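Just the one chain here, laid out as structure tokens, in the form predicted alone.
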Amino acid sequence: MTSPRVSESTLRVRFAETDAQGIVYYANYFVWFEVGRVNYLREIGFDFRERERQGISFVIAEAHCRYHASARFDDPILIRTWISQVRQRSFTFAYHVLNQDTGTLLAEGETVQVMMDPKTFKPIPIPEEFRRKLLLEQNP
């Protein structure tokens, strides 16, 4: 069995992302998940603006994060992102957030995206072309 395609994104912890103790505030990990998700989709050719014009959109229906270690101001961060599941109307991204220098796993999580019609806000099946890309990237 082959491994899923993994996208890697990097950033440095900004001062504004830390709390009074100098530790990254927990909600910022979800922002970092978005960085990974957007980069992943961009890498497989998903054009957000074009898809919106075509009436194709998705919303985050679930988001989970498990924290393992703290990140601090100016730490180099590596976000690994991959597709872990593709269903009829939804797909799931998985994430690992690591300290890039030490390799320490800081957090891991998932988001579930549901395809929707942006006019009615009702779930729709994943368009076949996009589904093929997601499945190909899940099991290259």
Partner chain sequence: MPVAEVVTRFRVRYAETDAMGIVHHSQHAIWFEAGRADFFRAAGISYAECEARGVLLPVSELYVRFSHSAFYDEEVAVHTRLTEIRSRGLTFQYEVRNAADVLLATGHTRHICVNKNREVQTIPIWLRQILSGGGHIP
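The model shown is predicted, which means the values in this text are computed figures rather than measured ones. Residue numbers count along the first chain shown, from 1.
Below, we refer to the form predicted in complex with the partner chain, which is not included among the displayed structures.
Contact with the partner chain in the predicted bound form holds for all three of 51, 61 and 70, each having a heavy atom within 4.5 Å.
Annotated contact segment (heavy atom within 4.5 Å of the partner chain in the predicted bound form): 53 to 61, selected among 97 to 105, 39 to 47, 53 to 61, 77 to 85. Among heavy atoms of residue 115, none comes within 4.5 Å of the partner chain in the predicted bound form. In the predicted bound form, the partner chain lies within 4.5 angstroms of at least one heavy atom of each of the following residues of 14 to 46: 21, 23, 25, 26, 27, 30, 31, 34, 37, in sequence order.
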